[in-house]
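In structure tokens, one chain follows: the form predicted on its own.
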């Protein structure tokens, strides 16, 4: 396991928790340390418990663990919320001059550092900088060179003026000096720095970056947690490439705007979460029957209804697979890591245009709000390949006309994919409606044509199954008799859980599946294993049900649906417990 440090700051929403954590995470990443962050926040503007956690190591980290070494507690509740993760020797930094913390005493075995955060911040220029004072104190505790904070402070506050940056830097040093002068600490923490310079980003940002790299030039969306950051990332960036971001009045408008842009020839995308997908479902049918290539990102959260909008869940799988009236061919692609959010977004755009079929890009809150470090070469823009599919131009459009020289945008083809003419293509005029249509796009109720068009649209999926690589990502011992299968954001926790399991001499073969439909046929892999466990964040085991349907065998399930993502050590224990359980008999 990597030699890691686990740090957190907690308080109430509106206390600047997120920005403080981001500053520290950026400082660590720019100092050549790997970082993985997680956030716990309530669905309110101000008030309610919120926390930002960082796990850092010089080795790659891909998950959070059930351990907290340094905690900056702005409220008493922060300590209570994290008590299960604190351990003997954990350091708790708090402001005993704060009314709510004046009676606080560190739990037995832990080290409480009473630092007058507010008073020191005022001495540096303003009470608002009390969190930065706490960061300076944390630097002293962890022996992290405080100079690394300066670049992050410049990035965060540079636009507000040099004096603001200078005051924050001064505030950090006041926190550092106070701890150094008032406490004789003998701790083992010493955060090593390296010459690496990592990129720090979350899943929403990776999706936005992937969309721009893939040539997406139109985005329409309506703000909704946890998908809003996709729009925020693209705003101001896609315009540099001639694109546009539109904040629509609701999700209905957003998807219809994106549909219009895609019909006009632009690569287009919208992003939302479960309740937004509900509203978009009617248009989803129009997208499919008009054979319009469109990427729809669903960043899942706890439902149903408004549920727990700032909490983790993977409960929309059936909605994306089966939602909509009639029979709608579609693809469902589910990135399994933050970096895969970039790569799978590129792939989603290519699939949409190659097969003129809507693509759901299924992310979740754990991917969206967690940040991770990557070497810059992970996102090689020169390696991005764009495939716009069966597009005809002025010279080739003539290959797809009838005897009256009318273009056939819904031509019946062997592979199910019809020619596509962008607006402006000479002779490529065409129309499509939500009504069933013939090859020219004209409405029809002809029974033979109805069957041919339905079969043609479904044939595209079969063509894609045969021509594309739908393989899972594989990790661990390929010869192990224990097979774990998962999808979405659970990959990182599972990969690190395997290291805990290895310490207990438990070998595992792990298949992380990024394609929900079409998906890989795992029948052979399941048949080879003595034990098969499916891991996912929902109550009913929606993906496990699919696996059982495909392989015609029962699997064991590890499900979590309390709104919190899997932690690596927790998941390792769940896997061990599942291996000891008898499997339910096949019905």
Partner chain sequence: MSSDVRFTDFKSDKQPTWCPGCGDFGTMNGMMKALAETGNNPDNTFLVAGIGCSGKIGTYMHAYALHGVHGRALPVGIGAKLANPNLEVMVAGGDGDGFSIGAGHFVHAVRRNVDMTYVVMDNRIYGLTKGQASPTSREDFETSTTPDGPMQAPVNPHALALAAGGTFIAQSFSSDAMRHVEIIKEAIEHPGFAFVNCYSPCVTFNDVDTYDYFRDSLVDLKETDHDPTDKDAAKDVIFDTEKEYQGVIYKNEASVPFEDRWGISEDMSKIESKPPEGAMDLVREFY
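Values in this document were obtained by computation on a predicted structure and should not be read as measured data. Numbering follows the first chain given and starts at 1.
The next section is about a form of this same protein that is not shown, the form predicted together with its partner chain.
Counting only non-hydrogen atoms and a 4.5 angstroms cut-off, does residue 427 reach its partner chain in the model of the complex?
It does: once its partner chain is placed as it appears in the model of the complex, residue 427 has a heavy atom within 4.5 Å of it.
Quick check on residue 248: any heavy atom within 4.5 Å of its partner chain in the model of the complex?
Contact with its partner chain, yes.
Its partner chain contact in the model of the complex: residue 88, any heavy atom under 4.5 Å
Residue 88 lies outside the contact set for its partner chain.
May I ask you to state whether residue 264 is within 4.5 Å of its partner chain in the model of the complex, using heavy atom distances?
Yes, residue 264 is a contact residue.
Tell me, which of 200, 93, 153, 417 has a heavy atom within 4.5 angstroms of its partner chain in the model of the complex?
Spelling it out, the residue with a heavy atom inside the cut-off is 200.
Would you kindly say which of 105, 385, 143, 504 lies with a heavy atom within 4.5 Å of its partner chain in the model of the complex?
The residue in contact is 385.
With the partner absent here, would 160, 166 and 308 each sit within 4.5 Å of its partner chain in the model of the complex, counting heavy atoms only?
Not a single listed residue reaches its partner chain in the model of the complex, so no.
Segment that reaches its partner chain in the model of the complex - one of 511-519, 355-363, 331-339, 252-260, heavy atoms within 4.5 Å:
Looking at the other structure, the answer is 252-260.
Sequence-ordered list of residues in 421-441 near its partner chain in the model of the complex, where near means a heavy atom within 4.5 Å:
Stretch hits, in order: 421, 422, 423, 424, 425, 426, 427, 428, 429, 430, 431, 432, 433, 434, 435.
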